[in-house]
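Given as structure tokens, the chain that follows is alone and in the form predicted alone.
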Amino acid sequence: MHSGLLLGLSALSIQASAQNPIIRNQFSADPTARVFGNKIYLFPSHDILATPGKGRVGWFCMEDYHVFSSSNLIDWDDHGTVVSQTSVPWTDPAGYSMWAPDCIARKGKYYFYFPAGAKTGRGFNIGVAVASKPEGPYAPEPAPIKDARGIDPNVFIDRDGQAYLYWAGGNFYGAKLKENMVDLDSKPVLLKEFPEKGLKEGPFLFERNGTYYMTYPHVANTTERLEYAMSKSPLGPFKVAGVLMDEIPGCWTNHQSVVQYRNQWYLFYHHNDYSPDFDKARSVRADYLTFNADGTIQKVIPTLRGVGIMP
């Protein structure tokens, strides 16, 4: 890591009044937060800086995934690399496009979903790697999920036990998953009720009090902001309900997950705090999320204060 970045990370990490960004030993983005047991686990993408012959200089560059865990939302343990572009049989080993992932638990196993470019063909496929512990080691499936082509996979298990997979590819798509969590159990459904104009990506669905919330980044103007829609069914129809977080100046992208931990709801997202002049090197943040009495969500104001228990 560049010495200047190390100095910057050290300086920021000792500021007692600031807890954002929460990952300080590397660039991180596109965070999915999950609660397994008594800890919260973070599954982000991992930005690195491209160099000639290693990715596309000046663009997003990602070659692997790390997993982090915490019990207090301040101190995060890095469990190291769990999946890389060279460890998956079907991925391009020099693609540098291991974009936003997700992970979920079912019957004692942990299923890690990720998008990547294949060795042959164009576009993105969605793969799965399986582990017996949330921090891994993860064993990638030999082939991607059939009929799930796109980016930003998100998986959700409903109260009745039915699992769903969502992804982005110009539009949002959803499908039921089989019990094995690695095959679709229905044809993909186009989720139609979202804005037609402007890029939208990063679908992340969660449920609260019988309402299903689909959150997503959307370029309504010139920069991504976080929005959400509500439904009474995991596959819609959805109704766009409002803005979750406004655009943050300086970073073109944002990407989110929402999780409840110890009776408090949190929004995880990213910004380019440690790379203010290059918004393809981002860092994960977290802030509190609050619901109104009618089930709508109060707009989250990004902070450097963040969350967690201060000394």
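Quick note: we count residues from 1 along the sequence shown, nothing fancier. This one's a predicted model, so the numbers in the text were calculated from it and none came from an experiment.
The same protein has a further form, the form predicted together with ligand FUB, not shown here; the description that follows concerns it.
J.: So, a 4.5 angstroms cut-off on heavy atom distances: do all three of F60, W99 and D152 pass it with respect to ligand FUB in the predicted bound form?
T.: Each of the three qualifies.
J.: Just checking whether E227 would be counted as a contact of ligand FUB in the predicted bound form - the rule being heavy atoms within 4.5 angstroms.
T.: No, no contact at 4.5 Å.
J.: Indicate whether ligand FUB has at least one heavy atom within 4.5 Å of a heavy atom of H255 in the predicted bound form.
T.: Within the cut-off, so yes.
J.: Pick from 68-76, 141-149, 207-215, 99-107: which stretch has non-hydrogen atoms within 4.5 Å of ligand FUB in the predicted bound form?
T.: Answer to the contact question: 99-107.
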